[in-house]
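Just the one chain here, laid out as structure tokens, in the form predicted on its own.
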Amino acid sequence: MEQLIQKLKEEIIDALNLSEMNPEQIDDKAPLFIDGLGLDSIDALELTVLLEKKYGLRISTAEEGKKVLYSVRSMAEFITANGKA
């Protein structure tokens, strides 16, 4: 799981063009939106596309999206639970 979390941090930085950040600056349990990294709805779409393209996973509802995209750890748990890690 820790390797997947590290990989996700790198993919998030790349996908969202957060070149001023490094993976160690992202707390894997912190919220990605509002208080944590301060991501917005456009970023949520980018993360959804990342999950679809890299892991073949789809988020089916907005409610599921809120849970899955809450933190890097929640994304990793979703990937692992769906057998795509």
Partner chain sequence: MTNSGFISRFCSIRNNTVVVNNKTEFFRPDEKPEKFLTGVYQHFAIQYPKFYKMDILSKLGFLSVELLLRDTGLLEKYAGHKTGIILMNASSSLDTDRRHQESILDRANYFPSPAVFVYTLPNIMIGEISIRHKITGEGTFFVRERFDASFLVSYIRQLFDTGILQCCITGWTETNGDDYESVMYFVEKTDRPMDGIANFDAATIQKLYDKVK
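It should be emphasised that the depicted structure is a prediction, and the values quoted were computed from it without experimental measurement. Numbering follows the first chain given and starts at 1.
Form predicted together with its partner chain: not shown, discussed below.
In the model of the complex, its partner chain lies farther than 4.5 Å from every heavy atom of K29. The shortest heavy atom separation between D35 and its partner chain in the model of the complex exceeds 4.5 Å. Although the partner is absent here, E20 lies within 4.5 Å of its partner chain in the model of the complex, judged by heavy atoms. In the model of the complex, every residue of the candidate spot (L16, L45 and K53) has a heavy atom lying within 4.5 Å of its partner chain.
Although its partner chain is not shown here, in the model of the complex the stretch 56-70 places no heavy atom of any residue within 4.5 Å of it.
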